[in-house]
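For reference, the chain that follows is the form predicted alone, supplied as structure tokens.
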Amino acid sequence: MELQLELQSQRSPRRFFPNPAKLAVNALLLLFTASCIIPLLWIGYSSLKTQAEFANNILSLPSAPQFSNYWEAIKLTNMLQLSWNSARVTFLSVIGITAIAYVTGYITARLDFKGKRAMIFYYLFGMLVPIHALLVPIYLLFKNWGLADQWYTLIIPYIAFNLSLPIMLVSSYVMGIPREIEEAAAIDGLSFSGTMYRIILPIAVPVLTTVAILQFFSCWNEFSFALVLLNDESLRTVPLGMSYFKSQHSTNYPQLMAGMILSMLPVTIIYFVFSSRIIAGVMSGAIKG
């Protein structure tokens, strides 16, 4: 009993004075979390204010919530058309990215061929090149080839510029799969492509799901290519639609924030539904790699 009391007396100071390093890390994480949440809360309640209230004090709460801002945002931007354009481009781009990433990642993980290292370096180099440095040559290329202002225009750069990370994720995941599985399939008479699609593809579903979800976020929120390559208003995507709230002399900020909330809804819903799958897929790829 005396020994227990003595041990408790020795441990008690630690309870009141925790490790300073842990405190600093926790404080830093809390600060980072607040920097992410507070702007979202500000956008949320500001979207319910009138233009006059917002002009008088941008931080004050709305005196009477103006839910009509959301309806006005939908009417002004033709949100349904914008959402359809974004959904069509995003869906087809994600399918293309996932399919190409799987085939390329599997080949680079399992085959040894001349130029393999150069090919991997090429894809890695794609992660280092800023998109904005290539906007002008890409615009000239699309304009001269008649590819600009088409419903499929954005699918091409979205697939081309979003392949690097998915290929690396798939390649590292496949390298963690035991080769004995493929050797057993070969003994049973399966070809290389048969093994790739019938044996390994079901095993790689977790990382492919992660790739698809991450690329959905990237394509849905993309702005630069949509701004440069699309002039036809009927083809505009959701991020471009936010420019409708800005006139030559003023900007309706409450309606703009209502539009931003509406544009974030699909991404937010998908994130909360699949967040655990995203983390599991990335972690499994990292561990297997």
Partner chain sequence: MNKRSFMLGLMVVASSVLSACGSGENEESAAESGNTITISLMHRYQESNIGKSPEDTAVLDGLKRFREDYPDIEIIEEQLQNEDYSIKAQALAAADDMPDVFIVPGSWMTNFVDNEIVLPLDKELDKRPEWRDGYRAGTLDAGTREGQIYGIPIAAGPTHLIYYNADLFASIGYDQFPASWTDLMDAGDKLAEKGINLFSYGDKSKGYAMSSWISALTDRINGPEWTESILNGDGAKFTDEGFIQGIGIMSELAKAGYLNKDLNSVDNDTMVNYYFEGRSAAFVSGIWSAMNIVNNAPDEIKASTRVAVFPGVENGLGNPLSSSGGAGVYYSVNSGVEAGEKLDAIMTMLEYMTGSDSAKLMAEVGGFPAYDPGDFDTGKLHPVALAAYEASAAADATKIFDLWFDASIVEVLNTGIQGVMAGSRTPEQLAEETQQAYETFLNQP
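Being a predicted model, the structure only gives us computed values, none of them experimental. Numbering follows the first chain given and starts at 1.
Keep in mind the form predicted together with the partner chain is missing from the figure; the text below concerns it.
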property: Exercise: V228 in contact with the partner chain in the predicted complex, heavy atom 4.5 Å; result: yes
property: In the predicted complex, Y152 touching the partner chain (heavy atom, 4.5 Å); result: no
property: The partner chain contact at Y139 in the predicted complex, heavy atom, 4.5 Å; result: yes
property: Distance check, S193 to the partner chain in the predicted complex, heavy atom within 4.5 Å; result: no
property: Among the candidates N26, N57, S234, S35, the residue which, in the predicted complex, approaches the partner chain to within 4.5 Å (heavy atoms); result: N57
property: Site check K116, S172 and F217: each within 4.5 Å of the partner chain in the predicted complex by heavy atom; result: no
property: Stretch from 94-102, 144-152, 178-186, 163-171 whose residues place a heavy atom within 4.5 Å of the partner chain in the predicted complex; result: 144-152
property: Residues within 4.5 Å of the partner chain in the predicted complex, restricted to 61-85 and counted by heavy atom; result: L76
